[in-house]
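Single chain ahead, written as structure tokens, the form predicted alone.
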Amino acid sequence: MTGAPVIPERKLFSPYMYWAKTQQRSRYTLATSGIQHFPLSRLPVRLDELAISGPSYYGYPPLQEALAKKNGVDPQCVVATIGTSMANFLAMAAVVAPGDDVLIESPTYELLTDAAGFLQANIHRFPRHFESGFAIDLKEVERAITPRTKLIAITNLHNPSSNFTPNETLRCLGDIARGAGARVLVDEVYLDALFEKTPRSAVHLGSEFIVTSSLTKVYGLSGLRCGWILAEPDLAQRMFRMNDLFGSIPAHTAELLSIVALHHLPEIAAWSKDILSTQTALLNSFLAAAVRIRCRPLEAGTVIFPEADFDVEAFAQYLRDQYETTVVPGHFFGAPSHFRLGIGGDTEMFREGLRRLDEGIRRFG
């Protein structure tokens, strides 16, 4: 008699998110990954223009239209979600069954691998190498893909390094996926940090592409939880129906505020770009003089991923204890000799945080 198949044990939590919610904050937080909160008072909306409830069933039509316009797609291709993490989960759940192979970049955002593991997929990895600035090497993808691969998952801009993957590479990635009967999930939550140089969403490269994003990271609008998935209409409808198990009806007031924000995105982007421009210059000056770490200058984005010649885990605790400053240990991204450093918060706090980071590195060990 043949025994029942063994179902892999599912991880029912995210170690990184637990750390972020309980250990990330400090007096000088360099561990964030997005822009500080956009002032609500700067959104041109009156209280009497808002409402508690509305027809938010399978997409609130005005929000669907605003998101479709932003991304240059038909509203039927848009799935509104609560942030990018839920978008990634729904996108994976719609195309991955237990026992399917999922190919994910390494290093990467931990919730991508955690979501695939929760869905009981077989997780395979392809490396993005530090020496190339974490660029995608298509030969590494070809070596790692299998006949059972149903999904290739990447981030663009890359989380945790901010490396930009151009459309030429994405097209080739799509060709590899198509040859295996797989789809490509591209998390584009940081892509708008390219501002006027932002290319069209990867969803326009072919039907095998699924794209996720939100207003959370680049625009300082995390509290609105305005996320979305872009996919072909039948798949989008499947994701909406699946979300009945999780989100059901979204917060309508947040939908209304998100529409206002989408209509005024150029002004919000200018505010964000000014913050990032100032802090990118500060960061790159720090990197030029830094000791014991290696990292390319930041060109665009909100995070970098330096490699260190010391015990990062011990250093992160030392930095927090002795300097009231936090960075994200690299083991959360699968690279324990690195740490992630983020920009986009208060500029004076960031300036002092860099000074403390530099002093801590020089004194540690």
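Here the structure is a predicted model, which means the values were calculated and not measured. Note that residue numbering follows the sequence shown and begins at 1.
Below: the form predicted in complex with a small molecule, not depicted.
Within 4.5 Å of some heavy atom of the small molecule in the predicted complex lies at least one heavy atom of Tyr109. Although the partner is absent here, Arg225 sits close enough that one of its heavy atoms falls within 4.5 Å of the small molecule in the predicted complex.
Put simply, Ser33 is close to the small molecule in the predicted complex: some heavy atom of it is within 4.5 Å.
Of the heavy atoms in Glu255, none are within 4.5 Å of the small molecule in the predicted complex. With the partner removed from view, the residue among Pro127, Gly220, Gly117, Gly83 that has a non-hydrogen atom within 4.5 Å of the small molecule in the predicted complex turns out to be Gly83. Contact with the small molecule in the predicted complex, judged by any heavy atom within 4.5 Å, is made by just one of Asn163, Thr149, Gln279, Thr216: Thr216.
Annotated contact segment (heavy atom within 4.5 Å of the small molecule in the predicted complex): 189-197, selected among 232-240, 260-268, 189-197, 118-126.
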